[in-house]
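Heads up, the chain below is alone and in the form predicted alone; it's given as structure tokens.
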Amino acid sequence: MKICVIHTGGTIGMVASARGFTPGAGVVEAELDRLHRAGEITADYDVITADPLIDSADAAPKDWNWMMAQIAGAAARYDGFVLTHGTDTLAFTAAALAFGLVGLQQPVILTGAMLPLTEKGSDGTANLRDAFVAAQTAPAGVWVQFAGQLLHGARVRKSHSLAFDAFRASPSDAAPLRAGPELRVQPYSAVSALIAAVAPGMNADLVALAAERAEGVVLRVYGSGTVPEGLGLRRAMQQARDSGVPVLAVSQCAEGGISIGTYSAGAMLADTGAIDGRDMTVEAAYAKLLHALSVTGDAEARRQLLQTRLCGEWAE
């Protein structure tokens, strides 16, 4: 088998500097070579390295497009892909690739590290080894391999800022894969969207401003789908609806999701046309919103796309 490694950057390949950890050239490549010579990685591989390396805090849809283009361009030559990435936005990228790669025939395994390979006790070595195994054995789709776990790419979230075991994913009965007869990339356009959270005493004028300036909004609501009725939020939501700006509602809770209409305090979401995000992560919701905004300019078509489960991003 032959694996394509796409090294985008992130902590796994960083080195210490006077200003803190910074991307280092050749770090991941050197460790892969060591592991291969030691027999800890047995598959043949090639490496594609982003230039410049991407700090995941700066990762943007244009970088998702670059990653998808590398995968599509190399798909015929490889049995699987390992994509190294910084942990801060790894879950956003995993979801974005799951939505944007249609008809993927191989596993795409995202991994990284909480401590650089250049530091004693790094988790990067184990994550690379495990990612190579997953790239040879996992079903087709976009997965995250981290701390010994193979996680659903459209259901994963970063749940800890320091621990090696930093990622969690809720179960799904569907693989992180959009079926299709052959690989096709749906790129992300230069669209604008906002993630906004309700909070006690929030200024709803900010949501109204988003309805004026943004093309879509992910609204993080309380619990199973409640929002504050006062302070103009209803008016702001109506403004978004009338302007054709989709509002995708997801819970601020990490587990359980929402069900619009369960409580009267959430009736306003249904009244103003908010889209039920069920138990999607905020990362998946944001990536899916950008995906829908990129696919079509028709408001109803966008709504239908957001209401359709594409790659197991919510539990049935």
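Residues carry their position along the shown sequence, with the first being 1. Note that this is a predicted model, so its numbers are computed, not measured.
The discussion below concerns the form predicted in complex with a small molecule, not included here.
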### Which of 217 to 225, 132 to 140, 81 to 89, 203 to 211 lines the interface with the small molecule in the model of the complex (heavy atom within 4.5 Å)
81 to 89
### Query
Among Glu40, Asp55, Asp271, Glu29, which has any heavy atom within 4.5 Å of the small molecule in the model of the complex?
Asp55
### Message
Going by heavy atom distances of 4.5 angstroms or less, which of Leu101, Ala236, Ala113, Val156 would be at the interface with the small molecule in the model of the complex?
### Response
Ala113
### Message
Contact with the small molecule in the model of the complex for Thr11, defined as at least one heavy atom pair within 4.5 Å: yes or no?
### Response
yes
